[in-house]
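Here's a solo chain for you in structure tokens, the form predicted alone.
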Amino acid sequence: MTSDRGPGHRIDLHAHSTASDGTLSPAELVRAAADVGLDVVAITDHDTTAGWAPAVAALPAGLRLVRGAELSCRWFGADPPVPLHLLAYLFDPDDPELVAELARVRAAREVRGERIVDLLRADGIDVDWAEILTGAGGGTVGRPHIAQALIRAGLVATTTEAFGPDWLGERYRLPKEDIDVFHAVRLVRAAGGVPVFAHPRATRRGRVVPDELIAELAAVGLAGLEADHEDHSPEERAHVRGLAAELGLFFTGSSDFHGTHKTVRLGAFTTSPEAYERIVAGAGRVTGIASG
């Protein structure tokens, strides 16, 4: 359901729950969003919509929930291909093509996770795959869950250390089966959704794609760019805003909240009501917003 009132000014459009690699359940996530004074929050777990129903069921009064997902994508125009993330908002969770692609990616993540654990165990590192699956609680399995196992084993102190080159960042890193980014944009649009490029200039995460690629994605349906994000420097934020203006796209600001897996807080970066309204207007069917 939706209400007739316009959104307030505290809008965070990128947050994760235990449905993927966050540490708060969907119900805890929406309660936390209300507690920090957000007017709108998006649940954007990796490659899954499993958190949507419990988040809606627990939605506090006065909070709007935007249902979304963060898709694991790859650009194959470079060698090696560049991994990237696409935020998808307000899409039909029953669209058969998108459902099938997300299921494929989740299954591949699980295979990859088990192979990483096999590599660790081959080097004498005592981590248990069954325990990691239990820790994921049925959510999309990712490297953060393996990082938690390394922390429990006393091998690293933090998730950041676990993602360093000696561990999951390089030595024990394996490639994922991702979605071609052009295919992903088209799938989201076909499912009535609005695609936004997540943290497109986050050089601290590794390689980034050229602006020319973003222009090509805009031509096939990309709607916006996430500009204000903890992994963007002030210069990178300014660059993304300028590129969005040049291409006629909107830009967003979001925390990319993961609970205790990251230090960033809910609402650390926010999206303007104008950009939010463009997302709502761009959706093929406004069934993806619930109001408490």
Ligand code: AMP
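The first residue of the sequence shown is number 1, and the count goes up from there. Everything quoted here is computed from the prediction, not taken from an experiment.
Below: the form predicted together with the ligand, not depicted.
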Specify the contacting stretch among 217-225, 86-94, 138-146, 184-192, defined as having any heavy atom within 4.5 Å of the ligand in the model of the complex. 138-146
Please identify the residue among His229, His258, Arg64, Arg67 with any heavy atom within 4.5 Å of the ligand in the model of the complex. His258
Quick check on this chain: which one of Arg121, Arg112, Arg152, Arg104 has a heavy atom within 4.5 Å of the ligand in the model of the complex? Arg112
Taking heavy atoms and a 4.5 Å cut-off, does Asp12 contact the ligand in the model of the complex? no
Report whether all of Trp75, Arg207 and Arg237 sit within 4.5 Å of the ligand in the model of the complex, measuring from non-hydrogen atoms. no
Using a 4.5 Å cut-off on heavy atoms, which residues of 143-182 contact the ligand in the model of the complex? Arg143, Pro144, Thr159, Thr160, Phe163, Lys176
